[in-house]
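Starting off, we have a lone chain in the form predicted on its own, written out as structure tokens.
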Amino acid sequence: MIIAENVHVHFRRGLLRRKLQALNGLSLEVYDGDFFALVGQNGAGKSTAMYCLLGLLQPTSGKVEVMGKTPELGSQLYQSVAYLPEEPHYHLYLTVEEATRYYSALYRRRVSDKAINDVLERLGLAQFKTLPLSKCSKGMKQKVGIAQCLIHETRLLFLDEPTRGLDPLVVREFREALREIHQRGATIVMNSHVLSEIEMLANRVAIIDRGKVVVQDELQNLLTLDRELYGVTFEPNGSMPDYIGSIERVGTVVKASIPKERLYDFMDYTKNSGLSVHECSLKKTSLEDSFFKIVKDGRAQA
């Protein structure tokens, strides 16, 4: 679906026109049907990479192909591509319904009144369809953007920090809408700092650092289980056995780890002490854990 090979992007900035290297040999591959996430710290090159994939920015050098073609503005390629930026800029005098109808029409396809009404209902916007966009919250504006993707069965969707600044309820609704679009067969490329969201949505991840991809893999390969440690969450009462390590206190609850061979000792300890155990499972490496380890190790070797 998408191929980027050895992509470099240089900018000139400041009075002395010093060269800023935004991408430094970035290479990645997105397969048809992926929910693909770009992960990296601020300034790592995620948004610049997305602009290159969209054809909004031409690389200084390197190759980009989307669905077998070089992305160029005005190409027929964009008939099946959608992009939702972090801060969508709309014609704010339009109402929610007018905006949905207008931006859908830009695809040069007829959209029925029923399709408009159905998608507004699906996204919880039906009761606000006469509300001007100037009075809409950020979450509502994001939903207007995602409405285009639901209406037109978008084949490829780019999302740049789509949930930043949204309240938890809107994030959940937005996540379900993305799952629906993906289940319909769309390929999704998302740039996000919210690693927990990525864990719930993506199937493949590229970790970007200093303008290049340092790891590209299936998400499940980055979320490994430590077969030698159990992660436990419980409510302690007084001192704890010395085999309990990595202790983190959250209110009255302790999150910790115990060696595999001491599992039954821990069970006896909590039973005899009458402690409440909230969780006990093989210790899982989160995407956040993997991300920081990969970036730290990569910089140490540089």
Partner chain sequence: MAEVLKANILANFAFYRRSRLLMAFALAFLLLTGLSSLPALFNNSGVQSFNALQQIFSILNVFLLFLAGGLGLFIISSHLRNRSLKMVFTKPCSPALWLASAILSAALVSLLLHGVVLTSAVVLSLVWKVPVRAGLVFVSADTFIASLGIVAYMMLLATLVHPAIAVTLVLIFNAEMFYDAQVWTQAVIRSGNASVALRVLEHIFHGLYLVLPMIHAYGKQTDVVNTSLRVLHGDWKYLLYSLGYVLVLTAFCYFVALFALQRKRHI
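For clarity, every value in this text was computed on a predicted model and none was experimentally measured. Here the rigid core means the biggest group of C-alpha atoms that line up within 1.5 Å when the two forms are laid on top of each other. Positions refer to the first chain, counted from 1.
Below, we turn to the form predicted together with the partner chain, even though it does not appear here.
**Student:** Would Tyr83 sit within 4.5 Å of the partner chain in the model of the complex, counting heavy atoms only?
**Tutor:** Yes, Tyr83 sits close enough to the partner chain in the model of the complex that at least one of its heavy atoms falls within 4.5 Å.
**Student:** Just to confirm, Met267 within 4.5 Å of the partner chain in the model of the complex by heavy atoms?
**Tutor:** Outside the cut-off, so no.
**Student:** Is Gln216 close enough to touch the partner chain in the model of the complex, meaning at least one heavy atom pair within 4.5 Å?
**Tutor:** The answer is no: Gln216 has no heavy atom within 4.5 Å of the partner chain.
**Student:** Evaluate Ser27 for contact with the partner chain in the model of the complex, applying a 4.5 angstroms cut-off between non-hydrogen atoms, and reply yes or no.
**Tutor:** Contact check for Ser27: no, nothing within 4.5 Å of the partner chain in the model of the complex.
**Student:** Checking a candidate spot here: are Glu173, His182 and Leu201 all in contact with the partner chain in the model of the complex (at least one heavy atom each within 4.5 Å)?
**Tutor:** Spot residues vs the partner chain: no contact at all.
**Student:** Could you tell me which stretch in 119 to 127, 69 to 77, 205 to 213, 173 to 181 has residues with non-hydrogen atoms within 4.5 Å of the partner chain in the model of the complex?
**Tutor:** Result of the contact check: 69 to 77.
**Student:** From the list Leu263, Val253, Ile244, Leu57, which entry has a heavy atom within 4.5 Å of the partner chain in the model of the complex?
**Tutor:** It is Leu57.
**Student:** Though the partner is not shown here, which residues of 134 to 155 have a heavy atom within 4.5 Å of the partner chain in the model of the complex?
**Tutor:** Residue within 4.5 Å: Gln148 only.
**Student:** I want to check Ser104: does it shift between the shown form and the other one by 2 Å or more at the Cα, with the core superposed?
**Tutor:** After core superposition, the C-alpha of Ser104 moves less than 2 Å between the shown form and the other one.
**Student:** Examine Thr95 after superposing the rigid core and state whether its CA is displaced by 2 Å or more between the shown form and the other one.
**Tutor:** Result for Thr95: yes, a 2 Å-plus shift.
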